[in-house]
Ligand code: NAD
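Listed next as C-alpha cells is one chain, alone, in the form predicted alone.
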C-alpha cells in the first residue's frame, strides 16, 4: 500500500509543507508506516490563527444567522454519513479500531453530535433579570472568537465533531489540533466542513506534537478559548500555559471509573455491561469503567459469568466483521499497559484471563496487541486499583456493603463517570447521590449521548462537554443594563 501524505488545513485547503518536518504515522494493527504528516512550525501556526481570526471577523460569518450555522452543520452531518466508507478506511489505518465499531457506533455518533448542535444553534437564549428602578437588566451569550480544539488519539473523528459542532453553532471559528499519532480523519473532516459550505478559515487544522504545536496554539494571543481532551498530566500543563493570558479552558481528562454491582442486580446484564465498558476500544476510553466493584456474596459467581462471556470476545483483524477488540492505538500506551500487566501478579492480583501480549500472524505480528485481561483479588493499595491504565484491563474488587462500595468508588483522584447495577431503586438514588463523579449510568451503560452533559469532577477535568451545557461552554457571557428613566440619578447631583 502506498504511503499517504497529510498536511494542515488553512482556509479550507490542505497544505503539503508546514515547516515543522515530517512525522511518520503508524498503523497500530501492523506497525507499518501508513502516512507522512507535515507538522507545523510557529510561523505556519501563526498563519493559521490569522486565517481563523479573519474568518471570524468576516461579514460572511458575523452576519450569518444562527439558523444558517445550523444548516451548515446539518449539511456536514449528511456528508459524514455519505463519506462513511472513506472515514472508516482512514480510521482503520490510523487507529486499528474494529470496522463494526466504526460503522455501527462512531460514524452514527459523529453525525448525531453534529445534528444535535445544528438544532441547538438558534436556541441560545439570554435572560431578563429582575429590574431596578430606572434600569432593565439583560444577560446575553456571545462567541469567544477563535477557539482551539485539541484532540486525543483514542477517538479522533468523534472528538473532531465534539469540538467543531458546538463551537460553530455558537458562532466561533475553530482550529483543530489532532494527536500527532492520528491525524487522518481530522483532516478529512475539515475537508468535509469546506464541502458543506463553511466559509474558508472557520475550521482550520494544525498538525504536530502537543508539546510544540499544541503549546503554540494555547499561547497564541489570537486564540481565546481552549478545549482539550486527553490525559490529566497534559491538561495540567495546558491550564498552566493558559493562565498567563487568563484564557478559558475546558478540560476532559483521565478517569479510573467504577462499575458497582450489587447482589440484587441482574448479574447477566451487569456482566455484559462490565465487559463492554472495560474492553470497547481496547479500554482506551476516558469514561470506560475499568474498576469492577462486586458485592462479595456474589463475587465468585459473577467472575464465573464474566469468564464464560470472555470466551466469546474476539480480538483480531480490524476489518473482520466479528472482531470486537482491536490493537492499542499508540506504541507508548501499549508499553505502559504492558508494564502494569507485568507488575500486577507481583502486587498480589490473580489473572483470570489474558495478562500479556497477544501474538497474531503476519501482517499483524508487529502490531500493538494485548490480551483482554481480568484481574481478580485487587486491593486498595495496588496500582491497578487506583491508576489509569487506559488499556484492556478490568480490575475486580469486592465490597461488603453499600457504604464500602461508595468508599471504594470515591477513593481515586478521578471523577469522570461510573455505573451502578442494583434492583433496589432507593439504593440506586442513595448511591448516585453519594458518588463523586460527573456522569453515572444506572442499570445501563454508555447511553444518553449527545443529549446529556459530561461534567468532570476532581482530577478528571474542568468545564463541561456534550448536552446543551456543552454549547454554552463555547459562549462568553455579557450583561447589559438599559436605563429607561431620564430623571433617575446617575451619581453625584452636580447641577
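Positions refer to the first chain, counted from 1. It should be emphasised that the depicted structure is a prediction, and the values quoted were computed from it without experimental measurement.
If you look for the form predicted together with ligand NAD, you will not find it shown, but the lines that follow are about it.
Heavy atoms of residue 153 reach within 4.5 Å of ligand NAD in the predicted complex, making it an interface residue. At the 4.5 Å threshold, heavy atoms of residue 118 stay clear of ligand NAD in the predicted complex, well away from it. Contact annotation: residue 262 falls outside 4.5 Å of ligand NAD in the predicted complex, judged by heavy atom distances. Taking non-hydrogen atoms only, residue 97 never approaches ligand NAD to within 4.5 angstroms in the predicted complex.
Within 4.5 Å of ligand NAD in the predicted complex, a heavy atom is found for not a single one of 6, 73 and 183. Of the residues 249, 92, 237, 267, just one reaches ligand NAD in the predicted complex with a heavy atom at 4.5 Å or closer; this is 237. Proximity to ligand NAD in the predicted complex, taken as a non-hydrogen atom within 4.5 angstroms, holds for one residue of 274, 416, 164, 325, which is 416. Judged by heavy atoms within 4.5 Å of ligand NAD in the predicted complex, the contact stretch among the candidates 398 to 406, 292 to 300, 342 to 350, 173 to 181 is 173 to 181. Residues of 359 to 390 that come within 4.5 Å of ligand NAD in the predicted complex, judged by any heavy atom, are 388, 390 in sequence order.
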